[in-house]
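What follows is a single chain, given as structure tokens, in the form predicted alone.
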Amino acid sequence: MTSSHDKPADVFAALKHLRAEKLAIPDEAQFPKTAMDRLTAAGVLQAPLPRAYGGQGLGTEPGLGLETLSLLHGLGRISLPLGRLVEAHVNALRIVARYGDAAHMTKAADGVLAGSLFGLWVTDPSGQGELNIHAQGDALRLTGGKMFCSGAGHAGWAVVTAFDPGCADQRLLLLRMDGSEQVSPLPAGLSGMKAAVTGQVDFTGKHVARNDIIGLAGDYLKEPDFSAGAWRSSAVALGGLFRLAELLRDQLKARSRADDPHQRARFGQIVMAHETGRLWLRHAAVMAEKLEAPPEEIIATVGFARLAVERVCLDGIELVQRSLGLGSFLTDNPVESLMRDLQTYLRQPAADEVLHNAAGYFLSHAFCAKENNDADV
């Protein structure tokens, strides 16, 4: 077991300080190393570790949903790409804590305390090229790779899914990035979230040990964790909407337009939209991190929260564009890059399916059951 000699940093005070500094991402097409170094020094990468391993348990221990929400929302207010990188870091460590053994957790904690960022890479390339495990005596060799890998070339460790010929379901691997991987850009670059440096990684020829395998086959897709984790990306996105509202406020004041009744109406709509998303996420975060409700209710609630945040963010973008006009599309306006980042980040998969399934659950169960219970209102 690994522990930190010092008390974990107050990450919330550190984030507030970094926001006040207006921590900059100087080139949106490059990995934000300086900013990430500042977050690491502030204890942000350490915070998701379980407390027994030197962290604060944010995202890895039950009952800390609101604290984890504050962390991820606060990161989104600073930078959506930074928030995306740390969100994946939290998700990876959660998987190790939930499905790994003490040796896996110790290995991960040592990596984090040494300053490493963790990635979570689970998307297989279309067609052939998916990641496969091949046995070579007591050792294992990998072929294939992953795409849409945020932090590719900069993450020191990664949790990845891989196909094992002996199993019907994918396995989870905890891999140290040691330079034996081939990192390359996506065939076509993304229009937003460029600073997250999302690329593709070819692991062909990489040798791994059997104890690099985490848990059992199929653990990654195990519910409710698989679907319930969607609230964490929504928390970062909602932080981006908050930052967008801040920029709108500042630019309206600078243009002496803050007293215009139409501008006030639009700004008020954004404030209400953000609060709607925040209330949904508070409910979803508490439910998802406690894991006490029926799994189907957790999944449905998080699904609705995710879709609610998507809707309020898209509405907020439209309101900002109406308020600032063509100026919101100028490339030297921070609003322009933030809107691109937010629109890209919101493109999570299977939104229609999520709505269909969540509505089906509440149609059949919880909503009608609670309809006549005033205590639940």
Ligand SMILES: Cc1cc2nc3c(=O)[nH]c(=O)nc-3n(C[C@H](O)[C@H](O)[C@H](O)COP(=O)(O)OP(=O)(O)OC[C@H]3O[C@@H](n4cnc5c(N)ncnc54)[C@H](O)[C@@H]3O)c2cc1C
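Residue indices: 1-based, along the sequence shown. The model shown is predicted, which means the values in this text are computed figures rather than measured ones.
Note that the form predicted in complex with this ligand isn't included here; everything after this is about it.
Answer yes or no: in the model of the complex, does this ligand come within 4.5 Å of a heavy atom in every one of T344, Q348 and D352?
Yes, the whole candidate spot contacts this ligand.
For M193, is any heavy atom within 4.5 Å of this ligand in the model of the complex, or not?
Judged by the heavy-atom cut-off of 4.5 Å, M193 is in contact with this ligand in the model of the complex.
Can you tell me if Q263 lies within 4.5 angstroms of this ligand in the model of the complex, counting non-hydrogen atoms only?
Because no heavy atom of Q263 falls inside 4.5 Å of this ligand in the model of the complex, the answer is no.
Please determine whether N211 contacts this ligand in the model of the complex, using a 4.5 Å cut-off between heavy atoms.
No, no contact at 4.5 Å.
So in the model of the complex, is this ligand close enough to L174 to count as touching (4.5 Å, heavy atoms)?
L174: no, not in contact with this ligand in the model of the complex.
Sort through I133, M147, A97, L248 and report the residue having a heavy atom within 4.5 Å of this ligand in the model of the complex.
Spelling it out, the residue with a heavy atom inside the cut-off is M147.
Quick check on this chain: which one of T123, T204, T276, S184 has a heavy atom within 4.5 Å of this ligand in the model of the complex?
Selected residue: T123.
Would you point out which of 149-157, 289-297, 225-233, 134-142 contains residues with a non-hydrogen atom within 4.5 Å of this ligand in the model of the complex?
Contact criterion met by 149-157 only.
For the stretch 300-330, which residues lie within 4.5 Å of this ligand in the model of the complex by non-hydrogen atom distance?
Result: empty, none.
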